[in-house]
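First, one chain by itself: the form predicted alone, in structure tokens.
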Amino acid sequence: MRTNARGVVLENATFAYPGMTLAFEARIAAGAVTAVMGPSGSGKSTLLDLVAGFRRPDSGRILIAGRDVTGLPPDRRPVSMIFQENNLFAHLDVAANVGLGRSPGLRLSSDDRAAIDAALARTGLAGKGGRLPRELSGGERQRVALARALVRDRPVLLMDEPFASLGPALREEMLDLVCELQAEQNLCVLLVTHHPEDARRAASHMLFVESGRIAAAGATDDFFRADGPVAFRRYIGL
């Protein structure tokens, strides 16, 4: 367990699109799930991309666990990311797709293979390592993506609407699994979602993004109170 892990800090991290400049100032708690919500096009995915290193800020800094990672490429940041599409390779079996988290060239040691087997078991995929992605359900494919994140063993996990295509019951099941894994590994999780019920179920903290800014931040329970942030309450129709 990473008892000394610290979270993610964005210090006026800006990124310009034609006609719009985003500027993020936020402190994201370590050892917790933080939900990221906001209208489409408000900058949620860009926020995750900046933390992951897929985009570099035009100004400002990004710190992870107290270290300035602003200039580091994605592969040198202590971050894993899970996308809505799950990014599995159709020609590789489940075990190989998970193994990419340990070695992009799939040069796997016996320890690597043991870690892969353990991750598959922990995510409910024991015995399915030899299957191809097309032979799995949507929920199982997202479990493969989670297992791949587990074997990477990074303290920050970014999730960009990973369960948007799943039905309500399966989405709840996957959220519960994420919460279990977060608690076991003391992860800092950022979960982008459009579903308020996902935030209430899984996240102790929330960020609300509007027009390229963090319009509100705080405890999830506070967002849903009668005196919660006006922008958020307007967004969910209260």
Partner chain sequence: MAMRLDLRLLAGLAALGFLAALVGGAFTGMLYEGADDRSGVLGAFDAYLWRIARFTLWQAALSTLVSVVPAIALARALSRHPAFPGRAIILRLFALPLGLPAIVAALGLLELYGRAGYLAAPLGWIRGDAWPGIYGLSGILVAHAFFNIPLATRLFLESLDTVGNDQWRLASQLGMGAGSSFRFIEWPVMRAALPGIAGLVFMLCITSFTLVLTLGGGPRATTLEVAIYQSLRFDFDPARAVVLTIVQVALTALVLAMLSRLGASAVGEANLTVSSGRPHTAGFGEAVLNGGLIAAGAAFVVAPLAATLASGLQADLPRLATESGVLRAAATSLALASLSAGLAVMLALALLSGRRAFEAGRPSLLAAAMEAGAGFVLVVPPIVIGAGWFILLRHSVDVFAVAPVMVVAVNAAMAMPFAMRAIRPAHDASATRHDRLCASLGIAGRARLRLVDWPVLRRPILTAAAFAMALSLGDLGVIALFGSDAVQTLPYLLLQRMGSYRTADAAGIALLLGLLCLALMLIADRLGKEMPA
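Positions refer to the first chain, counted from 1. Everything quoted here is computed from the prediction, not taken from an experiment.
The form predicted in complex with its partner chain is left out here; the points below concern that form.
Residues of just one listed stretch (30-38, 168-176, 53-61, 203-211) have heavy atoms within 4.5 Å of its partner chain in the predicted complex: 53-61. When contacts are judged by a 4.5 Å heavy atom cut-off, residue 81 counts as touching its partner chain in the predicted complex.
In the predicted complex, residue 124 stays away from its partner chain, with no heavy atom inside 4.5 Å.
Heavy atoms of residue 114 never reach within 4.5 Å of its partner chain in the predicted complex, leaving it off the interface. At the 4.5 Å threshold, heavy atoms of residue 148 reach its partner chain in the predicted complex. Of the candidates 156, 136, 120, 100, 100 is the one whose heavy atoms come within 4.5 Å of its partner chain in the predicted complex; the others do not. Shown here without its partner chain, the chain has no residue in 212-238 lying with a heavy atom within 4.5 Å of that partner in the predicted complex.
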